[in-house]
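One protein chain, two forms: both are listed below as structure tokens, the first as structure 1 and the second as structure 2.
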Structure 1
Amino acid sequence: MKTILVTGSNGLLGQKLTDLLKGNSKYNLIATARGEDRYPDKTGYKYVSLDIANPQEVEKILSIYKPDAVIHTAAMTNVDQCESDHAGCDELNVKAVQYIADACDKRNIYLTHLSTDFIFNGEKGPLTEDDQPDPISYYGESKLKAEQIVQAMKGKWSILRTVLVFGIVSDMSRSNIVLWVKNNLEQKKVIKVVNDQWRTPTLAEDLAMGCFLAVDKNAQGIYNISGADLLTPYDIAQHTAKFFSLDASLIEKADSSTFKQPARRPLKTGFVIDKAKRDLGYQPHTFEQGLQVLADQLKQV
């Protein structure tokens, strides 16, 4: 039985990976995050506290558990926070990746690293794996530096780039665009949603499956792992309103210039996912199917 160690297991993707891997007959899961384990059912896997910004801890945990693969999901993902806290962003998104990459290389451990569409400037999309990164935010810069660290590894690695992940965790501690739209419309609030940004929103379960497929197939290189539907946030809001039978007239169109945010966002991204489909057998849900998955889970919360 092979061992997979996941960083950031308390996050949305981390919890979906726990859903997917716990009790798996082929893989033994070591889930890691800072502090206490927030996953509700503690059976079928082992949890270990790990601060990825502490190189001694990274070395210690990888030495003790000797995983065959690491799926690195932990990061500072708040784009505006990265813009205002460069040091914190560098620590979690760049230095920590170096610690993990070095520790994996030393032990011949396969590394799957999560990246983002925010490494691009937003001038065109959907993008392939061969398009040239050109980040316009500090978050994007930090994630590109992390990619370069992984690509410099001596051992085997994969980089999985993703876009606008949505889904729910059991304690509802994480929000995303779908939940934000649903909650506001249920409260009869008028919301302004941009219609000049384009994304391929990604169901968290699909991203977890992409991570699993990369590890299972020992994939090497960069892969786009996202949904297939190219939508604006306004489109996403309209689909969400219709699916949950909410009042779509409360949704107002806006353009990005009306939102004053510390960090710039790329206008157009989205991914071409043909390589992941061909090489990994990756098959994401449609956006509508993703809404159904989320709706089914909400009934159980």
Structure 2
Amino acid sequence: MKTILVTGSNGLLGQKLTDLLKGNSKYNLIATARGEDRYPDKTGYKYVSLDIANPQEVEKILSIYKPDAVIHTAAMTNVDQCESDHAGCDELNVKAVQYIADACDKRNIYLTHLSTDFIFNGEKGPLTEDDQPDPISYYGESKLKAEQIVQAMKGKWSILRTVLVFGIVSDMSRSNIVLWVKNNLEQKKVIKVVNDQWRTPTLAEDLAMGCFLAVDKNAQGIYNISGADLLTPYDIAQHTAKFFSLDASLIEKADSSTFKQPARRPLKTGFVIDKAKRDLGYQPHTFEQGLQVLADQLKQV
């Protein structure tokens, strides 16, 4: 039996990884996060508190549990917070990655690291793994530095880049576009949604499966793991309204320039996912199928 240790297990991806890996006959799961475990059903895996910003804790936990693989999901994921708190962003998104990479290298542990489309400048898309990063936000810069740390490892690693993840888990620390649109339209609120940005939105379950496939296949290198449908946030909102039978006339088109946000967002990203399909057997849901997965889970809440 092999052991996989997940960081950030309270997050959206972290909890979907717990869904996928708990009780697995081939893998033991060690789920780790800051503070208390927020995953609801605490059977079929072990939870250990791990603050990734603490290098002694990282060393200690990896030496006690000796995992075969680490899936590193934890990060400062709020793009605007990274813009206003450079030191905090460096701590979580860069320094902590160095602690984890060093601790993995010391013990020959395979590392899967999560990265983002925000390492690109948004001038072209959809992007392949070979396109040149050029971040336009502090978050993007920090995630690119993290990629460089992982790529310098002596041992085996994979970097999974993803885009605009959506889904639902319990006790979420932040929302995502589909839930935001659905909640606002249910409250009959008018929403302004940009139609000059392009993304390939990713169902959180598909991203978790991508992580699992990378570990299971001992994949080496960079992989784009996202949905396959290229949509604007406005399109996403329209599809979401239609799917949940909500009033789409409340959705207003907006231009990115009308939003005053601390961090710049790339206009055009989205990923070509052929490499992950070919090498890992990755097969994401369509965006519509993803909405159905989410709707089925909402019925159970």
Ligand SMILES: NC(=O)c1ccc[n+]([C@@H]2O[C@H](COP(=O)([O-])OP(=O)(O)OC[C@H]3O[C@@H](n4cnc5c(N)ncnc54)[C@H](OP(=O)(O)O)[C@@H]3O)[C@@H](O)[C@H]2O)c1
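Shifts are known only where both forms have a C-alpha. What you are looking at is a predicted structure, and each value in this text was computed from that prediction instead of being measured. Only the largest set of C-alpha atoms that superpose within 1.5 Å between the two forms is called the rigid core. Sequence positions of structure 1, starting at 1, serve as the residue numbers.
The form predicted alone is represented by structure 1; structure 2 is the other form.
Moving regions between structure 1 and structure 2, defined as 3+ consecutive residues each with a CA shift of at least 2 Å after core superposition, come down to one: 170 to 174.
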